[in-house]
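Just the one chain here, laid out as structure tokens, in the form predicted on its own.
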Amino acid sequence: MKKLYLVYPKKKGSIAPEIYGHFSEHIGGVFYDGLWVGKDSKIPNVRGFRKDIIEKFKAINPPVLRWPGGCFAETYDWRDGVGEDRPTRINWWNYHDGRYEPNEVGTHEFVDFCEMVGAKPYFAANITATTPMHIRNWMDYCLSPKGSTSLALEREKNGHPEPFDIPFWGVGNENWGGGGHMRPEFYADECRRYATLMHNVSRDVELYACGSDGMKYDWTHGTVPNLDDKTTGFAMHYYCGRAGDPLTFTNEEWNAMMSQANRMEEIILRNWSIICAHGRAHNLKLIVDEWGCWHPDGSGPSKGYNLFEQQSTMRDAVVSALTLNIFNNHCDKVRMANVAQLCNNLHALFLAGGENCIVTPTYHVYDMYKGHQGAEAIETVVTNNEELTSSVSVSASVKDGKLLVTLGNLSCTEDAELSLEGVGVALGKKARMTLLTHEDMHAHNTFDAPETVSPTTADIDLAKPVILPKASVAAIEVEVE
């Protein structure tokens, strides 16, 4: 039997709520077919946004939502998305799926959606195809006080007299790739140039520099020493990729995906080491603003109509649990993280089309883990006959006298039997356990069977071993004495 030690006196710091952030790009069916149905749609909506998603998304306390990209941001002109007469443009992803961008969802609509669900907006600024002044004007339009500038008056004319609350701004996106194929030193100079004007508009917002692509640490080495103090975040991306078919994977492919997902810890530690080596640990935190599985598309309900749309199984749920546990355990380094993406795409929480709207197993993980937001992370150690074991992923936190322990069984063949032991704290004997599991690790929700994978909750006795089924996720809540 494995033992899980909860080392209460050894706290790691506060878990920023923004670690539980999300990402919504103008790609495939994320907005059109998914979040946005239009104000005149017969599908129940609130000012054009799908009512089901508003209600279900709000229920998991989303702290932040990133927009408009992604790669889409690198050709986005914010002026296309304000006012009455909006142009139709080539979408960045047009060469993949032939869709054009109608700009029905722009700055006002997106912020409205964020306000409805309780999330703070995180805007990705286009520094590939615009000027610093263009982005400064966008910030002026969004942030200047009522009646203060010509752009603030234009915002008022367009229906929002008060300034928008947009606390997070990205200085570019994937500038090592589609965002200009820049060299790291060149990007750092461009980042300083744009950030100077962006910082001049408001010193209350957080500006995030473009970080590394996965394990390509040469970008980190080249950018970090050349950034100035106006940027306080290093926005890196890591997709754990694919391992077989999204629905018919083998045991070996399950294990491969867990191994690939677990590399997130190495990526965090190595990037953080470089930041520390250059003396920036005090004011340059890690932002993982794109992460998740990236399976071959075509497995979602639209059967290939929506670019990159894919189903989400118990495997994706366990990857989510593993990744969020890693973020919790490194909350002293990670300021924000944004799973990609929200709807009808990679690693999605929602799948929607027409009158149908369902949540995926990944959604349930976010619901189970939401209690970590703003809590104090504590040390955890899992042993098996005094040997450290990695078959169970775990993180724990305490808030308001309650302990939340979240676990993922990374094995698809073996149940785990756990004994919870408090170190420096007495655990209450009674606890509440929410369990997400299914006898078939390929199980997923569909429009016809939307509750195939859903959690169950029950009281448990911590004096007895906790059974964590194979390929499952659990959240245990217990009072501490």
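Note that the coordinates shown come from a computational prediction; the quantities given were computed from them, not determined experimentally. All residue numbers are counted from 1 along the displayed sequence.
Keep in mind that the form predicted together with alpha-L-arabinofuranose is missing from the display, and what follows is about it.
In plain terms, the part of the chain that comes close to alpha-L-arabinofuranose in the model of the complex, with a heavy atom within 4.5 Å, is 69 to 77 out of 69 to 77, 136 to 144, 367 to 375, 240 to 248. With the partner omitted here, the residue from T231, N173, S395, N306 that has a non-hydrogen atom within 4.5 angstroms of alpha-L-arabinofuranose in the model of the complex is N173.
A heavy atom within 4.5 Å of alpha-L-arabinofuranose in the model of the complex is found for exactly one of A124, L407, V288, L346: L346. Though the partner is left out of this view, F23 does reach within 4.5 Å of alpha-L-arabinofuranose in the model of the complex, counting heavy atoms only.
W93 belongs to the set of residues with a heavy atom inside 4.5 Å of alpha-L-arabinofuranose in the model of the complex.
Although the partner is absent here, Q341 lies within 4.5 Å of alpha-L-arabinofuranose in the model of the complex, judged by heavy atoms.
Mapping the unseen interface onto this chain, W294 counts among the residues with a heavy atom inside 4.5 Å of alpha-L-arabinofuranose in the model of the complex.
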